[in-house]
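Take a look at this one chain, the form predicted alone, written out in structure tokens.
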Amino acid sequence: MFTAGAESLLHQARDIRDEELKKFCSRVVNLLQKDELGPDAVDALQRLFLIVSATKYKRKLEDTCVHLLQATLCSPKCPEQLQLLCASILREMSPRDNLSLSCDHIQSTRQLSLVASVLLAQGDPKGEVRSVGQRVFRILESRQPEGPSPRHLLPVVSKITHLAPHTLHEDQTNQLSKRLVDWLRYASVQQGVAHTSGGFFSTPRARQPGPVTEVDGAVATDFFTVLSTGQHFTEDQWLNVQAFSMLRAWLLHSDPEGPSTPDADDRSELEGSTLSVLSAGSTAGHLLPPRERLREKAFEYCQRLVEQSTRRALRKGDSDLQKACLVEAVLVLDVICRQDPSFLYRTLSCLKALHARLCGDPARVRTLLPIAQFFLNHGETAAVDSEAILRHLLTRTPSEFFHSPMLAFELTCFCRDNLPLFGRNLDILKRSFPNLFKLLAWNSPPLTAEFVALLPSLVDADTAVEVLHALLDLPCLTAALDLQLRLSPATSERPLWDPSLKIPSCLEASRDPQFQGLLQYLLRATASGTTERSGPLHRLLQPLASCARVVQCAQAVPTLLEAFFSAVTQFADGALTKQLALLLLERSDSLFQVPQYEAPVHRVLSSRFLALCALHPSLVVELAKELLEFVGSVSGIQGRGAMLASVVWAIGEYLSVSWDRRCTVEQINRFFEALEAVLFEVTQSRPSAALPRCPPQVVTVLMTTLTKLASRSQDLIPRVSLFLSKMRTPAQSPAPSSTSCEEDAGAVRTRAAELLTLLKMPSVAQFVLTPSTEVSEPRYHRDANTALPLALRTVSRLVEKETGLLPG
């Protein structure tokens, strides 16, 4: 983002300590106390500004230094560059309690704008916003031809209307609206005169300024706008530019509710007729109130900008300005139509033609967002269907411009903020989630919060399974987008991927027809309703797994999964819950191998599997075959230990006739034998590089679940008692290799002793390990006379007694 030199300066500024800063402030004070402020003072203030702005933490400056900065800022003889630096430093130090600035007696508009910027940065603890606003408007109300130019004050007015919109009086609002009309519509169309320094060649015969031109070099034949070009500009032309820059904010401030006249709707219908469109120009005259006249002139100004945007700019800077002004013009038209629907019919034809022209211009794709916003806001009022516009925006834009950070952020915010307006078009948004996920995959750190808010609206019963697959494969999608960019022609001089990562084998394999279909599915634009096996793609894209962008994307997946399950559990029925549970079992050992990705994802999947089982306890019986297959293998137990522990715990908790009448003794016995084999294998196998040590949490959950199952099928009690007796004997456990291993072994032996004590009284064990659903009622935990507290006290005594007899 910065050059190496700039990065070095920033690091030096951030590393300066308070003692060094104090010494430097003393030097600044000495320089500012001199009668003549020369280059040394400029250099020192530039360095001080870099120091206070290079870190997000507030730097402490000496009071003497702050006082001199204020004095220098308010001095009428001080050079403008020094005033600007002083104001910038004071703004960085805001808010500050001991400022003594005041704008009451400042005559220079440039100096007033700098002082006002510092005062407004303090917030409004002492009513500074109102006092600054009144002073600024007193200068704006003076119409002295030779007086100070108001150009520098318009940004201050815009800031005031944002901070405290109710501080301006009605007459002040109307007065500024009138002046904005003059500045927007009646600026000079002749170029400004170049400022000369005098001399022999400064004669009256100097070349007179010509008319302003358009961006394509043609002489302008209409009024001046921000897109008019010239060698030099007059003061009213600069005011024209400033007025347009604050126009949208001022329209929203001056009339946030729109016209309040009772015949507004009637005028809207009248304006929609052919007669009204033809006579619209004659009705907008000086007889209109200031606010309505400003809207009329702003409408003409925006139409002129739309016309100017069709011209081919000669310079790249003018082309970039065209794009920015076109976006702002559409936004202003949107505000005008919201405030006064009579402009709607005149705007629709203009924006329809503009959208048709921009659809084939990739350089101006950002303009499609405000156009879509306009049709979302006014489509129902104007009886215009915005479906085609939204479909084009959500289909092509993310696929072609996912690598543009600004466009990705704006499009994501557009979708999030307009959810209430989508209406029946919400299905278009839901079906476009694969495209939107491309924005997330490539820009995951800054867009994660936005997608957490957007996800609930993308998920329904039809898309939930496909969305979950897509979230788990999000790092894989990032790698696929990286590969796609490498295979496509370069879109810029600087590569959009990491050039330090060389993947020749991956590039060659991607041309294999058997992988092309899988890649096309992963890079699809809309939901397909089907899922494809991801294993081959994982192997193909594995060389990209260490890419920094892929690793960053992987870090966002657990947060997104939590948001997904929080949304889906609100509407999931039994069938969908079963599908999701099966998917969690299937994908727990089928994740893209990104560094430090599996463990946090497994933690989320395991906790959410338990939540699904709690939502529908019958899942354990319905998925008995799949669960037996899952626990039947201990391969990779170290990597998916959290998932295995959750599955085993769910089996012990919900494999009971009290939760599902279909549960049989044969099922309990089958699960018992499978879990017994798993427990035997993980406890009897010595740790090695191929088979790491089993986590103690998995061992204790396995023992507890076996005990629960034995309490429900009491023929199994002798088998589990024998196994637990061996587990509580230190000689039967693997030799610990460290203190933590010794603590883990001790916890396993303690749990074995507790469970063994419970099994000595089968009826108590069944009551404690398989409580009835009534136990969840509060009275069983509050009333000391109920059976549960009594049983818990009895069992506690038994456990304590048995624990005291343990050796060692």
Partner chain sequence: MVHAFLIHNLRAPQAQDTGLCRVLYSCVFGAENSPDDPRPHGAERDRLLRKEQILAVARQVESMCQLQQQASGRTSVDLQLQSSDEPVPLHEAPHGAFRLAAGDPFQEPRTVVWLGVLSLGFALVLDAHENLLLAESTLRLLARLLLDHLRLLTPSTNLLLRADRIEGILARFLPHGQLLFLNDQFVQGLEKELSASWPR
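Rigid core (definition): largest C-alpha set, two forms, superposition within 1.5 Å. Keep in mind that what you see is a predicted model, and the values were worked out from it rather than measured. Numbering follows the first chain given and starts at 1.
Form predicted together with its partner chain: not shown, discussed below.
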Only one of these stretches, 54-62, 759-767, 25-33, 746-754, has heavy atoms within 4.5 Å of its partner chain in the predicted complex; which one is it?
54-62
Does any heavy atom of L541 come within 4.5 Å of a heavy atom of its partner chain in the predicted complex?
no
Heavy atom of T167 within 4.5 Å of its partner chain in the predicted complex:
no
Tell me, yes or no, whether S228 is in contact with its partner chain in the predicted complex, where a contact means a heavy atom of each within 4.5 Å.
yes
Find out whether any non-hydrogen atom of R549 is located within 4.5 angstroms of its partner chain in the predicted complex, and reply yes or no.
yes
Exactly one of G317, G423, P76, G127 comes within 4.5 Å of its partner chain in the predicted complex through a heavy atom, and that residue is G317
The one option of G517, G535, P362, P445 with any heavy atom within 4.5 Å of its partner chain in the predicted complex is P445
Checked 290-329 against its partner chain in the predicted complex; residues with a heavy atom within 4.5 Å, sequence order, are R315, K316, G317, D318, D320, L321, K323, A324, C325, V327, E328
At a 2 Å cut-off on C-alpha positions, does A563 qualify as shifted between this form and the one not shown after fitting the rigid core?
no
Would you say whether K760 is displaced between this form and the one not shown, judging by a C-alpha shift of 2 Å or more on the superposed rigid core?
no
